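Shown here is one chain on its own, the form predicted on its own, set out as structure tokens.
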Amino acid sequence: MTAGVVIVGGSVAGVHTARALRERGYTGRVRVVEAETEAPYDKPPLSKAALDGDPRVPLLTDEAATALGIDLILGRRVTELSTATSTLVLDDGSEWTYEQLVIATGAAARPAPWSCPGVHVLRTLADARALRAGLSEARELLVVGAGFIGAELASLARGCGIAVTMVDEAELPMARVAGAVLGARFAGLHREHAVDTRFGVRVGTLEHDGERVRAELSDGSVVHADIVAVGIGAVPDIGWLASAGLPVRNGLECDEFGRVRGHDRIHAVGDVACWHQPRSGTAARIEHWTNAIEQAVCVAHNIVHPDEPVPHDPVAYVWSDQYDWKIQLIGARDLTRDPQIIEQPEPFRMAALWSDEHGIVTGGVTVNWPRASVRMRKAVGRDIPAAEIGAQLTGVPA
């Protein structure tokens, strides 16, 4: 049997690459190797599904893999890559060769600086199960980090009646991605849901006294909690590539076709990949579900049709569910500029539009407004004035 395509990582990007290869008529061997023993599953539900629900949403069952002719190998980690011989070495000592390699190992949660009992991060199903078990018996939760994961976990806990204290070094939550004006609105959202917000401070020491966790903050205050959730970002899972000689900076550096630079038979998709974006002329690593799927489809096409490659030049898109807000972030937002904000009270929805120096829309943020999100995604990159989009949403002529 030929070496075919080997996909390292059973992430959403890895699984969708395998599926897309079959959908596009690839008849060679397809192998997906995943370090976890769990069959591939979706990540967004880990921080969104109700505590009394099952956070596991399968991406590829054994039955589906068999039907598609995909070899799914679980509980095996790739430890080495030799580009000279097109060979992978696994942790059991076995060696695989490949004709085409797709790296889809994703990202790992940035480790918590504290190692005492009761402290959790969230990236895997095992993480989610451990955290949920702790929350099921908790009365008070300390959330360190007010980004997407921290905010979603705070929302989940408050929905279950758990008291929440949220700590972040930033003065305003999500200001790094949405600016100060919206950051203040997100801070207000947490407070409206009775979250004790401690912004502009950091956790100094964190200890477990045998019953509860005690956190001392940089302003001298002390927070007690039954359990701690730490959401301080993620790092691409590329440690196993240290000796492979691939271009690695902020993830694997790829061209617009998903090929790792200098290696036309090696591709990267998902959170581990830093793709060149022709529209902006820059490279970016976009950690989100939608981007992972779009990259997977692009790479599958380019493997099947190497003489007719297509680029992936996305309009960045991220969503987050926080309390009763469905938040969507689109495109690029120059946070040195104030956005145009449009609000409607009943039912509440909001759109913020960013534009460049010529008034052309570059991106935005919407809350509970899918129509506005769709309009913005279609407008970005098409030289459409932000005033025109605003007029469409408000009904007022541009």
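These numbers come from a predicted model, not from an experiment. From 1 onward, residues are counted along the sequence shown.
Here the subject shifts to the form predicted in complex with a small molecule, a form of this protein not shown in this document.
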So in the model of the complex, are 55, 194 and 324 all sitting within 4.5 Å of the small molecule, heavy atoms only? no
So in the model of the complex, is the small molecule close enough to residue 157 to count as touching (4.5 Å, heavy atoms)? no
Determine whether any heavy atom of residue 371 comes within 4.5 Å of a heavy atom of the small molecule in the model of the complex, and answer yes or no. no
Contact label in the model of the complex: residue 48 to the small molecule, heavy atom within 4.5 Å: yes
Check residue 13 for me: does it contact the small molecule in the model of the complex (non-hydrogen atoms, 4.5 angstroms)? yes
Options 339-347, 34-42, 61-69, 358-366; stretch whose heavy atom lies within 4.5 Å of the small molecule in the model of the complex: 34-42
Counting any non-hydrogen atom inside 4.5 Å, which residue from 257, 98, 289, 186 sits next to the small molecule in the model of the complex? 289
Scan 297, 175, 206, 149 and let me know which has any heavy atom within 4.5 Å of the small molecule in the model of the complex. 149
